[in-house]
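First, one chain by itself: the form predicted alone, in structure tokens.
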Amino acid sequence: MKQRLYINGLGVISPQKTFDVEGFLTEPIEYHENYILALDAEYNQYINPVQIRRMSRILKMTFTASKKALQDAGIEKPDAIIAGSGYGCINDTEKFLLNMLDNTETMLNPTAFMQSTHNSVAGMVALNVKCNAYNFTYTHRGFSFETSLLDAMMWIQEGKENVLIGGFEENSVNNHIVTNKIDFWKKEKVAAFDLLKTNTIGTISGEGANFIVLSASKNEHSYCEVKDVKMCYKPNENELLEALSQFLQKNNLEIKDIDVYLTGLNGDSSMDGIYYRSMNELMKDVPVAWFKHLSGDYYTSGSFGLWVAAQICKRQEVPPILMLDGASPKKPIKNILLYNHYRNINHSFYLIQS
């Protein structure tokens, strides 16, 4: 018998007020730049003062978010720690490389190099919670978080009880400049909440640290059940729509069973077409929501979308800022279909049930 999987803990640091708050996107923040940063938490409440001096900003964010997820789930040590990131600790990487250039490869401080590796986050969390079990970091670009989630699901199928997973990314000025040259981001300043009205290429660059405790057992604090996940690499639109239909059929669902269709719409006119086609051809009678106007876009933004879906399931409400065209779902909200893609290359479906 297939083991059921539940989200029992969440810890999210994002450009919105998502950390240590009671409400659910009750005070959304609108940005007017194409480069947005996460809101820093009170890190000294979660990190030893001696340690915090030597930690980069992304390490502070990820460690704090992971600790919050574990606290939320009511556990001290998970059975495995799995992280996913496209760029990893990119600011430390840039800092080390720039020091190499400035100092002609002599007298280099090794701290930035040690903290620049992708797996420094999962390793640091493991050391602090004394978890000597399975520890892995995936760097599969737009599939980084989804692969972490699939790995965690397999571990729980094999008998693990609690697995900590995370998707994280940080913004970098130099990387933003480079990717802006190949039209990743909006050339003009744009109000984030009006992203879908721009009709221009590019979107807004975001960042975040999104950690989740995936568990084999449901309790009174559980957010939702992760029913299934599917990834598609570089499908054409017809293949994608067929894969979406098959995904629902595999889980014995019809379109009418979906209560909220949560999409990764990001306002990039060259990338959003498949979202609109799926909405118009398959999901035309389903309330549609989106989330990247709140988080910005990045390799592991699907982890923020999963946090949104989990909160909707538990609270049985969808904040108006998430809904498209003023639609509202029927209650109770039972099934949420999350569809996200990164630059029309890495496509992912999540089926979330309350």
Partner chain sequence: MEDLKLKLKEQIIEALNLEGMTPAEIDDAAPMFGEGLGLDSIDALELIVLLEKKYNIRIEDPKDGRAIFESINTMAAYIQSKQIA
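These numbers were taken from a predicted model, which means no experiment stands behind them. Positions refer to the first chain, counted from 1.
Not pictured, yet referred to below: the form predicted in complex with its partner chain.
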{"property": "Lys60, heavy atom within 4.5 angstroms of its partner chain in the model of the complex", "result": "yes"}
{"property": "Ile201: touches its partner chain in the model of the complex, heavy atom cutoff 4.5 angstroms", "result": "no"}
{"property": "Contact label in the model of the complex: Met107 to its partner chain, heavy atom within 4.5 Å", "result": "yes"}
{"property": "Residue contact check: Asn219 to its partner chain in the model of the complex, 4.5 Å heavy atom", "result": "no"}
{"property": "Contact assignment for its partner chain in the model of the complex, among Asn103, Asn132, Asn280, Asn238, heavy atom within 4.5 Å", "result": "Asn103"}
{"property": "Single option in Asn99, Asn119, Asn251, Asn128 placed near its partner chain in the model of the complex, where near means a heavy atom within 4.5 Å", "result": "Asn99"}
{"property": "Triplet Arg54, Thr111 and Met114 all within 4.5 Å of its partner chain in the model of the complex via a heavy atom", "result": "yes"}
{"property": "Contact segment among 317-325, 46-54, 285-293, 303-311, judged by heavy atoms lying within 4.5 Å of its partner chain in the model of the complex", "result": "46-54"}
